[in-house]
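For reference, the chain that follows is the form predicted alone, supplied as structure tokens.
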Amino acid sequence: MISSAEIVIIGGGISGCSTAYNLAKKGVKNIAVIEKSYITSGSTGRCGAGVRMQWGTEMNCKLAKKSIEFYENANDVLEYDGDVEFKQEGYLLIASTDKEMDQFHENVKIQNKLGIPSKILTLDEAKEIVPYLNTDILTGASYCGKDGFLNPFLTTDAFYRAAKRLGVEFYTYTQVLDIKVENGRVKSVITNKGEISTNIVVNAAGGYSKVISDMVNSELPVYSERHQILVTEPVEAMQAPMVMSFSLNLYCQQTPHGSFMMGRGDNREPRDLRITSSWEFLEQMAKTITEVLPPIGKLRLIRQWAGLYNMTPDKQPIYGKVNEVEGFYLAVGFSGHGFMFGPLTGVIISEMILEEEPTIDASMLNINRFKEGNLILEPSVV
């Protein structure tokens, strides 16, 4: 292990790897990424793998739009020998209440203003896209055909390999034990394999971000909540878009190899960093999907797993430096959407560290907004 680094990034998921790549691409040398397990072992490798531009706040729409534009050319830009498997087959968002449909109309206005090609659909139009959709329980829908699905393992691997070619050092199966701070400034990162002297640390630790921030006595207003997913047996292609409902609490898509992958949220889920599976999720997910997409309810289940949503009070990420500790930066609190924003997270954090003109001004997503009461709640979250 190296004894000193210009920048140490904690977390080997999409956010950490993208940040490392973007910093190295801009000429920064001697970057170290510390990952307690294998690359994508955390939230990235456990996510639902969907990416969408259909959000309810301008900032999340901008982050998602730029990220999807990157993903469209990721194989070429990252010079990846493989394929990140980006399939733009759309997101069909379904509403079950008049209030939710009103929100969809407001969301689409924001999205269209930003150049996102989403649109409001009637129930008949929604059924043309997914013929077996149970529209009896719905009030309407919205759709964007440029939303889609990627392979999170291959996508992160593409960033990882591109960063390594640019000289970034990755240390997997390496535990961060502490961060030394002297006179209010980062001095080093202590791991189970040695100490790295550095003046800049990026906290991109996903579900464990609060654990890392606690090491420098910086209060981080997040909590990590277990979210579960299940996958079915593979069948012939029958559904192109992701089907998602906020009020009915579900998302469901057919993967490229034929399995259906689906999940739902539950604010009663544990917040103690566990990633076990529960029978309650299995039962509730089965009931919901059988009501909304009846034929899928007949498929056999293969397995289920869980990951951590690192939640903020307004369901938007936290980017940038903290006041208490000079040289300590945050790329955390994605509330389940870190993979979607991965490409732009790396761009934004690199620009903040290097004090460059921002590609997207994400200064409103700084940590001070919680103390100042400048929260803008994202309404479109499962």
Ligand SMILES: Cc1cc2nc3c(=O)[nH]c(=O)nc-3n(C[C@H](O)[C@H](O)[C@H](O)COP(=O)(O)OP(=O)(O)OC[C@H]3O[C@@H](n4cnc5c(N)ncnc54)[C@H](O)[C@@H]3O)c2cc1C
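Model, not experiment: these values are computed from the prediction. Counting begins at 1, following the sequence as shown.
The form predicted in complex with the ligand exists for this protein as well; it is not shown, and the discussion that follows is about that form.
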Even though the ligand is not shown here, does Ala49 get within 4.5 Å of it in the predicted complex, heavy atoms only? yes
Taking the ligand as it sits in the predicted complex, is Gln175 in contact with it (heavy atom to heavy atom, 4.5 Å or less)? yes
Considering only heavy atoms, tell me if Ile10 and the ligand come within 4.5 Å of each other in the predicted complex. yes
At 4.5 Å between heavy atoms, is Tyr329 in contact with the ligand in the predicted complex? no
Option touching the ligand, based on a heavy atom within 4.5 Å in the predicted complex, out of Phe86, Tyr251, Tyr80, Tyr143: Tyr251
Here the chain is shown alone; which of Ile31, Met340, Ile318, Ile348 has a heavy atom within 4.5 Å of the ligand in the predicted complex? Met340
Proximity to the ligand in the predicted complex (heavy atom, within 4.5 Å), stretch among 193-201, 100-108, 119-127, 167-175: 167-175
Contacts from 297-325 to the ligand in the predicted complex (any heavy atom within 4.5 Å), listed N to C, are Gly307, Leu308, Tyr309
